[in-house]
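Below sits a lone chain in structure tokens, taken as the form predicted on its own.
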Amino acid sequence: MELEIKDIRKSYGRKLVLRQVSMHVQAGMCTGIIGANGCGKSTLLKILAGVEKAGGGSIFVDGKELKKPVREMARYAGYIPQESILIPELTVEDNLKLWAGFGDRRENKKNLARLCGQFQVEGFLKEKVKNLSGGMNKRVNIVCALIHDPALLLMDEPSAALDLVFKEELKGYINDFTSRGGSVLISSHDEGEIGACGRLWAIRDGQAFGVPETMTMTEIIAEYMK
């Protein structure tokens, strides 16, 4: 799917975080958001995931403006936040069953079996989430985001806590997802993830800027990430 946002604004009290952020996410492409810590990357992803409401602006999906973005974006997007979305006292299996209980349960069950194999979570399905390592927890969060086969993946530092093997697994999934026409919007400080993006946007002073394709990684880091 194609995503376009125009003049997105967000404040927390008197603190203005996003001021008229506009950007375009092309179908079949992994698009990256970069910027210094605290610049508003996570806030923007939460708005696009329907977790938070924007203070103003518009969101378009395939050229059509969404009238109720918070409700409608939840239908389109799979969201992997920095913080875990899992319930610590429940087992991994019970958490996954909760996520698979929404929408087409038969299709979700099929997707869940495939994803659990792909991200190797079968070995700790009976384990309580509170006992998982950071990497295990992250892998289950990724599976939760993908269960409903979303058209858009929103990823906030998705490879944090993952070892090299699963970083490559996630990279492979993203490549497969975009090859089928899916859209990915990823916030990252990982040079490998940034370098794999087809388009980069930088957030600075509450606004988004397209990063020139001619810039080297060293130039990008110096200009936008410090």
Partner chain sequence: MYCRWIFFWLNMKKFIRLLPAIVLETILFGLLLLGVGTYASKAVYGEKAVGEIRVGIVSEGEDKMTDMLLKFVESMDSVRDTVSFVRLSEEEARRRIADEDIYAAVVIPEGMVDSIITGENVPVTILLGGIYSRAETEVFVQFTKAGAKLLTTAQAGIYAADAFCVENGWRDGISWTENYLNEAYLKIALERTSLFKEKEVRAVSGVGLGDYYGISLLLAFLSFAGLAFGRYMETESGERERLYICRGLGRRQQYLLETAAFSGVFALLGMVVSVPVYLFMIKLGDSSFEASWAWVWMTAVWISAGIFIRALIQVFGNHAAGIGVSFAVLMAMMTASGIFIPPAFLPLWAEKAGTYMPYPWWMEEITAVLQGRFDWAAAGKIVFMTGIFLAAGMLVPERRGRKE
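Residue numbers count along the first chain shown, from 1. A quick note: this is a predicted structure, and the numbers were derived from the prediction, not measured.
Form predicted together with the partner chain: not shown, discussed below.
In terms of contact with the partner chain in the model of the complex, the residue from M29, V51, L162, V61 that brings a heavy atom within 4.5 Å is V51. Only one of 30 to 38, 174 to 182, 193 to 201, 51 to 59 lies within 4.5 Å of the partner chain in the model of the complex by heavy atoms, and it is 51 to 59.
The three residues Y79, L90 and K128 all sit with a heavy atom within 4.5 Å of the partner chain in the model of the complex.
Shown alone here, G101 lies within 4.5 Å of the partner chain in the model of the complex, counting heavy atoms only. Proximity of R114 to the partner chain in the model of the complex: non-hydrogen atoms within 4.5 Å are absent; the residue sits far from the partner. Within 4.5 Å of some heavy atom of the partner chain in the model of the complex lies at least one heavy atom of L86. By the criterion of a heavy atom within 4.5 Å, R105 is counted among the residues contacting the partner chain in the model of the complex. Scanning 140 to 166 for heavy atoms within 4.5 Å of the partner chain in the model of the complex gives just one residue, H148.
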